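Single chain ahead, written as structure tokens, the form predicted on its own.
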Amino acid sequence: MKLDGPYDAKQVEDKIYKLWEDSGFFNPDKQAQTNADFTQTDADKKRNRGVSVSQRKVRVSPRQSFTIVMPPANANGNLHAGHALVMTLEDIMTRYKRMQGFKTLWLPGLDHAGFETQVVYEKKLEKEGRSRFNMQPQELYNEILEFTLENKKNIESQIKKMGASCDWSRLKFTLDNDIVKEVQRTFKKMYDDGLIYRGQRIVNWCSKHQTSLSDVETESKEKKDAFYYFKYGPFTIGTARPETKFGDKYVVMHPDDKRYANYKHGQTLPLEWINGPITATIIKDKAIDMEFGTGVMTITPWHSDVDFEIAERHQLDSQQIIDMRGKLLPIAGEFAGMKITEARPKIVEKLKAKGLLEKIDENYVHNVPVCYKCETAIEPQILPQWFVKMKDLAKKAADAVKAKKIIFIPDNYRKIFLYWMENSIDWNISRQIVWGIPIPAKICDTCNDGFPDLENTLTTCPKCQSTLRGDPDTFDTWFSSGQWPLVALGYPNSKDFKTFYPTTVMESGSDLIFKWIPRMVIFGLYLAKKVPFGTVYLHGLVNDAKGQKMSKSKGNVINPLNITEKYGTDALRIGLVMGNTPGQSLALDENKIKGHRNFANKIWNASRFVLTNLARIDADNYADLRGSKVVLSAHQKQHLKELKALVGEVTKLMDNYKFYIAGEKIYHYFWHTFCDKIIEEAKPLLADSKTRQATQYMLLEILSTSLKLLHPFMPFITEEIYQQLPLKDKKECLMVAKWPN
């Protein structure tokens, strides 16, 4: 047998993937028919002697299931380097467990990705000279739907290009009707259980995209600003945002601050302020940091979450100073209608002219919350929104992790998870965008309340009988994707849910430890009363060769499919894994992938050598090689003993999710031990008729075992070679061949 010419990934990969798809082995139901673990007692063996295989009675030892629900890729673009790492790691896990005989399900999915997809589409509209604010909601929705479905097909084909052995017959999309209905039912259930409420609370507002965002959708950006000190009656107050101060009429200090002991809570003071005389009220509150500035501050409850909490505690009123577009309202007098950045220096100049400016610190460095997509500074606003009460839900999630019902790899992310759960705040799940799952509720503008309405039958307010209107908002993406392990498996009544939930492992990016992972744990415990997975495996960012974060603005984005086109998918896959410690960022160097293409060629050439020297052996004769006729030398026995030890090491590493070490061990064994040493030693032995048979046996044993060990990492080339091995009782595909033991 020969493997013609050098290895050409382009000639192999599409053909092999079609072989896998046609085999049906991505489906755990087909695996169960093929990969059952048969065990026989002595009585079974005696009874089965002389009986055809089809008539034999065997006892089937059922294997447990192994399940991964794929983190749904955003259906709004192309596969990126991070996706490539996800697909590689999860496919390694899946192929390994499948070869061990587990009933293995890797369920694929794609995400409508709510806000993120709408942002992508808005950029497209901008290039076309259009704006979503000049479109009817349904018109915009239909356009984004068409855009998303087109990208969804594209992403699916790209996932296949990565060799993903997921069960495409179970493909799910977060806007599938059954998922939408279940997510909406969860909303109603949580409302009925007192876990969701509609409240007039302060939220993070992006003035560019005109929507509220949850805390995990904002990022902190370090910025240097001027810090201003103003006279406020007998006090000195400090602020970096003088544009918010027009409505300030409460001055707050710590009750234990001896500097202000003469001032009493509730005391009023007349003073001169930006637009004339006002009356200020003294408020004593322990939230004040006595060490910061002068220990005194005025509050703007409408535009600061800290100030809002103080106002809530003391039942103080609040006024809106900045509108939803980031411009000053009429309360700002002559500055009304100005943008913040335009108005700020003019406001400071007016206060200076009135003798109220004490000093300016030009080097104030602080963290400013910004929208994670456009980096527009967040402007807190008080809005009526739907909120999830997080305290009790977060505690249950933390308790499950403390009880080790979920294991984190690496373990340090356990502490990060617990920190976020122990410091959680109520979660705003309303988004003012059209693209997403609609919130099934009606709104009463008279009593400013909302009511779930799954059947769309409510017309009048249950409280005041006013006419209701439909809620135009959609759910935060994390509200639906947080239920992903449940709804993707058909919660609550499907056979798949009953068979495969809880899933085995959730593999994801480490940046989602405070976004997605906690929400899946919370929903799993709340709805199914079980954690959604037993292990969380977290990978780091995939950066460029210099270790810099990839971004379009830097021009350093690496398209993984361009890499596979040049070097083959197997080379990219093993390059993404070797040396990639969980939780740590990976520098993706094209030269490294090129080196792994050379490794693929090494595998190909070594296999060709072995097969060429087995040219006269068919599968039946190879079975004889495995019998007593073969007499191995002590040296050859030692080689097979070392191979067996390697299998043990690799298996243990794979069981412990140390794929980065397992890959390196297999790589070094195949190249430096098998190719450089064993094959070279074998060449003269193959020329000698006395030693040829034993040498053939040893080479084929090592090659076939090595291909199995390499298969999870480099599935295409190993499957192509396996198809040509002269093995008796060979499986239809290497992907369902038994893992060596």
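Every value quoted in this text rests on a predicted model; they were computed, and no experiment measured them. Numbers for residues come from their place in the sequence shown, where the first is 1.
Form predicted in complex with the RNA: not shown, discussed below.
Quiz item: Since the chain is shown here on its own, which stretch among 142 to 150, 522 to 530, 350 to 358, 407 to 415 would lie within 4.5 Å of the RNA in the predicted complex, judged by heavy atoms?
Solution: In short, 407 to 415.
Quiz item: Contact between D29 and the RNA in the predicted complex at 4.5 Å, heavy atoms?
Solution: No, D29 stays farther than 4.5 Å from the RNA in the predicted complex.
Quiz item: Do G337 and the RNA share at least one heavy atom pair within 4.5 Å in the predicted complex?
Solution: Result no; G337 lies far from the RNA in the predicted complex.
Quiz item: How about G238: is it within 4.5 Å of the RNA in the predicted complex, going by heavy atoms?
Solution: Output for G238 is yes: heavy atoms within 4.5 Å of the RNA.
Quiz item: How about E664: is it within 4.5 Å of the RNA in the predicted complex, going by heavy atoms?
Solution: Because a heavy atom of E664 falls inside 4.5 Å of the RNA in the predicted complex, the answer is yes.
Exercise. Tell me, out of T581, Q267, T446, N78, which residue has a non-hydrogen atom within 4.5 angstroms of the RNA in the predicted complex.
Key: Comparing distances to the RNA in the predicted complex, the residue within 4.5 Å is T581.
Quiz item: Which residue among T281, S131, N605, T499 has a heavy atom within 4.5 angstroms of the RNA in the predicted complex?
Solution: Partner contact (heavy atom, 4.5 Å) among the options: N605.
Quiz prompt | Full three-residue contact with the RNA in the predicted complex, heavy atom 4.5 Å, for N367, Y419 and Y660 | solution = So, yes: the whole triplet contacts the RNA.
Practice problem: Heavy atoms within 4.5 Å of the RNA in the predicted complex is the criterion; list the residues of 283 to 302 that meet it. | Solution: The stretch touches the partner through I288, D289, F292, G295, V296, M297, T298.
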